[in-house]
Each structure stands twice: as structure tokens, then as C-alpha cells.
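Read the single chain below, which is given as C-alpha cells and is the form predicted alone.
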Amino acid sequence: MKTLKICAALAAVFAAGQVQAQGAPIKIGVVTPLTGTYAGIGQQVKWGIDMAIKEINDKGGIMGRKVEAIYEDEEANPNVAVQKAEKLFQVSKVDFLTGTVNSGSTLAVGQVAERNQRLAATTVSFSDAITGDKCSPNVFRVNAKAGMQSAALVEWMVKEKPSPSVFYLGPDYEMGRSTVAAFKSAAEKRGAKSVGEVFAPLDNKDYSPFFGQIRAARPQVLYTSVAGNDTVRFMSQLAEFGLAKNLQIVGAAGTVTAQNMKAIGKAADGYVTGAAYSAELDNPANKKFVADFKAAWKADPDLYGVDSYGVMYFYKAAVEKAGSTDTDKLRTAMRGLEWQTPQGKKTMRAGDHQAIQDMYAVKVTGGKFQIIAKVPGEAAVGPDTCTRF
């Protein structure tokens, strides 16, 4: 009889533990730059995630569990990102990780996720390698990669300037070199002539030493993938030295954003990029998203804000499909998953964990992003080159 009572008591404790576990919050680790050159991008990441989590929690959470985000500042530094990711997995016991901006950070954090048997997703990083030759079974990308941006931008460029001469300037790290390589390859296949390339240090203060090379090359188009505060300095100095005249400036989606456009001022006008988002997208879901975002944060959303908002709904859809937050079950559920975002429907390609989405050529006019061309997602995404899984 005593044994039965002990067993019953243990069963009750176990059942209570199970209920507590089921009711415990789902923890989302966010490793993103909250200080430094890319702090503006990190701010959009945080705004997007916080807004989505509030919406999800207001509607009952995910499978009845509330969601909470735990933030760590990665400073756009891969070494720091690794330390912060390890802390989130080991100490905070997060269920899922997102937020990395620097492509080197995303690649490094992917290895941390594998070691900890957890999943991670980037909403920002552009490097094709993330879902290409350095793909990870534990890393997903919900945003457009560099090759997709290039496909949309090149399509517009060759129609406007057939067989153009192009000069390239990027930041000297993984993202900068991969975005330049992706655009250069796509442009040359469509008849563009490359007339030079240079790479500047991250957080560079003076771009004038590169201007002699640009003048000597006499390009029709200048492609750049600098970002954050670096863009403000670069484009302001281009205008100050008179290089922007008679030169079409194009670049990566993260070069001119809602966060740095005001600081760039008139020097941003005429800039064209390939992107998966513009706040001007004309559909009911985006109009509501933009209105809600402005009401919450007194600022316009950009591609980082919308994709960071969207990653939470990607995660929610996957957990509900899997019926679990278990890593293996969740990974299976994420592969091939379709979900709705303010941009429209996205599909997570199973073979390389790259989201497929429509792409646009977007031009800055009077301080606003205007869509000037569109490329369907299937045409923009390119082949699956991941061979690791």
C-alpha cells in the first residue's frame, strides 16, 4: 500500500512537471548588433521580432505556450556572436536562435547551433555560401540571398544600360566579397563589362582614397554593398567629390535602408537595388503591417524589419506542423514549408534551406523606395548548390 502511494506521488510530480514544461515559454535567442556600425539594422531586427511576438502572444502563443525573446549584442563580430550564441544555448536554454546580421556571424553561429543540436535562422545575411557551399542542416534563411538580389537588379540594369561598364566597391569581409561576386557574375553573363573592384575595411571613415581608381575606370555603373553607417559616409563623400554625377549607383539591398536614408539625404536619390521588400508593396497584409509597425515604433519598416517579423511566423508554422519544438521534428517540418508574410507567400526550399520569394528592383526617389521591376521567386533563386545534406 505504501509503495502504491509512493508511485502515485511520483506520478503526480511527473505529471505536474510535464504540465509545467508544456506551459513554459518558448525562448527565442536573438544575437544581433545593438551597437556599432550595424546597430540600425539590429534595431529593425528587434522591432520586427518584438512586434511578431506580441501578436502571437496576444492570440494565445504557439501551441498554448507564450513566446519570449532574449537579446544579446553581437556587435557584427563573428567571434562575439559565437560567444553570445553559446551563452543563449547553454545558459538561457533557448529553443531557437535568430538575428545574426554579419554573414560571417551567421556561418559561425551555424556551427554553434549544430554543436548544441538546435536550429537557427538568419533574416538578414546575404552571403550565398550560407545556403550554398557552407550550408548547414541546422541553419535556415528566410531572407533573399545575394544571388537573388543580383538577379532582380541585373534584369533592370541591362534594360536601362545595355552592356554597361561596372565598377565594384564592397566591405572587406564575407558579405561584401560574396555580394560583389554574385552581382559581378550575373552582370557579366548579361553582357556587362567589369572595369575594377576594391574592398574597404568595415567601419571605414574615408573613402576618398578609392575615388582615383573609380575616376580612372570611367564606369557607367557603380555597384556597392557597404551598409549601415558606412553607406552614409560613402555616398555622402561620393556626392561631395562629384563622382555621383553621370554615374548610376546600384547595390545590395542592405546598402540604403529606412534606417540610414535620412542621414544620406539627397545623395541617396536615384540609387537602385534588388530586394525582396518595399514598404510600398500594394497588398492588404503589407498595408496592415506597415501601419502597425509605424504605430508601434514611429518608423518605417525595411527588409530587415519585415523578414525578422516573418521569421517568427515561419517558426510558429513549423512548430504547429511538427507538433513539437524538438530539433529533428522541427527541421523536417521547416523543409518545404509555406507560410504567409507581408511580402506574400514564401516557400522554404528543402534542399538548401533557402526561402523562395518574389524579387524587385527598387529605386530611391524623394526619400522613398519605389518598385520599378519584378522577378518571380523561382526565376531569381537559382539552383540548389548545397551538397552537405
Partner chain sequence: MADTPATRVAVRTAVAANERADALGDGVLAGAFVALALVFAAVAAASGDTFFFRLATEALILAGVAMAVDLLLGYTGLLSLGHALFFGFGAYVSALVLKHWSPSFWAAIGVTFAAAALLGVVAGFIAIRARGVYFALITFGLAQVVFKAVYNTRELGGSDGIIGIPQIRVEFGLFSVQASSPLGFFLVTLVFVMLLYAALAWLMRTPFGRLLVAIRANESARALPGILALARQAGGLRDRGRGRRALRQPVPHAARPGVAGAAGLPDIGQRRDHGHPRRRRHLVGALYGAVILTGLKSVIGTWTEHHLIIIGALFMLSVIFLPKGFAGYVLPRLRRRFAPGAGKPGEGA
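If you're wondering where the values come from, they're calculated on a predicted model, not measured in any experiment. For the two forms, the rigid core is made up of the largest set of C-alpha atoms that agree within 1.5 Å on superposition. Numbering follows the first chain given and starts at 1.
One more form of this protein exists, namely the form predicted in complex with its partner chain; it is left out here, but the text below deals with it.
Contact with its partner chain, judged by heavy atoms within 4.5 Å in the predicted complex, is confined among 246-254, 143-151, 275-283, 73-81 to 73-81. Every residue in the set 34, 111 and 115 has a non-hydrogen atom no more than 4.5 Å from its partner chain in the predicted complex.
Its partner chain in the predicted complex is not approached by residue 295, whose heavy atoms all lie more than 4.5 angstroms from it. Mapping the unseen interface onto this chain, residue 174 counts among the residues with a heavy atom inside 4.5 Å of its partner chain in the predicted complex. Proximity of residue 163 to its partner chain in the predicted complex: non-hydrogen atoms within 4.5 Å are absent; the residue sits far from the partner.
Its partner chain in the predicted complex is not approached by residue 291, whose heavy atoms all lie more than 4.5 angstroms from it.
A single residue from the set 184, 87, 287, 190 has any heavy atom within 4.5 angstroms of its partner chain in the predicted complex; that residue is 87. Only one of 268, 180, 139, 202 comes within 4.5 Å of its partner chain in the predicted complex through a heavy atom, and that residue is 202. Along 122-140, a non-hydrogen atom within 4.5 Å of its partner chain in the predicted complex is carried only by 134. Core-superposed comparison between this form and the one not shown: CA of residue 313 displaced by less than 2 Å. Once the cores line up, the CA of residue 133 ends up less than 2 angstroms apart between this form and the one not shown. Residue displacement note: residue 119 has its CA displaced by under 2 Å between this form and the one not shown (rigid core superposed).
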